[in-house]
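Only one chain comes next, encoded as structure tokens, the form predicted on its own.
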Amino acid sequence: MYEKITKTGENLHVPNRIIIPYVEGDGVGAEITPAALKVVDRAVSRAYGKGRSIEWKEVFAGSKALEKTGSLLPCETVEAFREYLVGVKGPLTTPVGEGSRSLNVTLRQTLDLYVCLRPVRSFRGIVSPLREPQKVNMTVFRENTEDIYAGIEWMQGTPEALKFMNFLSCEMGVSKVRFPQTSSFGVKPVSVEGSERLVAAAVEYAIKHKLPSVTLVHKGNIMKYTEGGFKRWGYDVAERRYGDRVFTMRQYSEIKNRNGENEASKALEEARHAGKVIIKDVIADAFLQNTLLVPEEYSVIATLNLNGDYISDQLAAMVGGIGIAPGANINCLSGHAIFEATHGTAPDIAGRDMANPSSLLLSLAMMLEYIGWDDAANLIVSSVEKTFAQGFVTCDLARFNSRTETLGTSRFAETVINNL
């Protein structure tokens, strides 16, 4: 009998036979999702024999949902992800400039999946534009529910935009809008609670995995009350909640001002030697440069929504591309989590058996780790890397390395299975 995953307190309860809902996705989702699920089933069987298994429950979103139900995101789909706690999602189309808002964002906000978790690492056999891609090994914690992705905006020329402009001018004394009559407006909410829970999740991850640092990436030099608030509240929660398990660069600055740079440097080295997690911060544009110059200086990254979007895609490109970048959207308090392909629907190659299933496949390995099925997760990751090292890649990766054999979606998945 297959059962639901549940959560009591801080503990997930994972039966040996579990039900996991999944959305196939638009475009290449019809190819990569079945292929990835097949690999997972084989890995679970290889790791646990008949002792554990998954029943995949298909639910609908995007074009398939519209065809079947008349809605892009039926209530039944959201409720299934809510009820079964852990789910899987292929890529969904996001309109640009007009039309409905992103289904991905809607799911994240509806289920309050406030952490977008994006680990980035290099793989043997994958050619990268970097000279030393093996130095890239970071995990990005991107805040998922606030910032400009909250979707609070008004189109220029509408009564709402005019009303908002009048409010800014008459009530708030704002005079810095250059072209008020033709401006669209967006509001960027960043809260204490949203910032603290995101940074707390990043710090706990670093402590659990014995990683050296958490870097708060922000643009607080310009947006002093939103991005600057994120930095300040991040330091606050790290110092208040984790005490002697962390050492913050804010504490370093206080010691430096009080006792001089030598004493501050000594305190920092003592903290490192004691295995404390170092909490530091950096301006977003400097961070993007530094990741190319000294990527080894960064481990866990905590940042706001828009910064996280840019950062996670750049880091993925540094190790070979978004086609091998896994991702998850998680509420660390409720336990709800959706593991997803991080790339788009790629309509130009949809139906041609060319898409790379690795992003979704590695996300599913993250899912297995999340539910405590580490043996199966490790089998998948090592098998994917072995496949790359053997010179077998999909077309998105082959274009950077002529010394490889290009496989289609289905053959690549079969090769991964054979290498388990």
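Values in this document were obtained by computation on a predicted structure and should not be read as measured data. Quick note: we count residues from 1 along the sequence shown, nothing fancier.
The discussion below concerns the form predicted in complex with a small molecule, not included here.
Enquirer: Assess the spot marked by Asn104, Asp348 and Ala355: is the small molecule within 4.5 Å of a heavy atom from every one of these residues in the model of the complex?
Expert: Contact check passed for all of Asn104, Asp348 and Ala355.
Enquirer: Using the partner position in the model of the complex, report whether Gly228 sits within 4.5 Å of the small molecule, counting heavy atoms only.
Expert: The answer is no: Gly228 has no heavy atom within 4.5 Å of the small molecule.
Enquirer: Classify Asn331 as contacting or not contacting the small molecule in the model of the complex by the rule of any non-hydrogen atom within 4.5 angstroms, answering yes or no.
Expert: No - in the model of the complex, heavy atoms of Asn331 and the small molecule never come within 4.5 Å of each other.
Enquirer: I'd like to check something about Gly327: if you look in the model of the complex, is any of its heavy atoms closer than or equal to 4.5 Å to a heavy atom of the small molecule?
Expert: No, Gly327 is distant from the partner.
Enquirer: Looking in the model of the complex, any heavy atom of Glu143 within 4.5 Å of the small molecule?
Expert: Glu143: no contact with the small molecule in the model of the complex.
Enquirer: Based on heavy atom distances of at most 4.5 Å to the small molecule in the model of the complex, which listed stretch, 214 to 222, 182 to 190, 85 to 93, 156 to 164, is the contact stretch?
Expert: The contacting stretch is 85 to 93.
Enquirer: Among the candidate residues Ser122, Thr248, Thr342, Thr139, which is the single one with a non-hydrogen atom no more than 4.5 Å from the small molecule in the model of the complex?
Expert: Only one option qualifies, and that one is Thr342.
Enquirer: Would you kindly say which of Ile322, Ala284, Ala80, Ala201 lies with a heavy atom within 4.5 Å of the small molecule in the model of the complex?
Expert: Going through each option in turn, the one that passes is Ile322.
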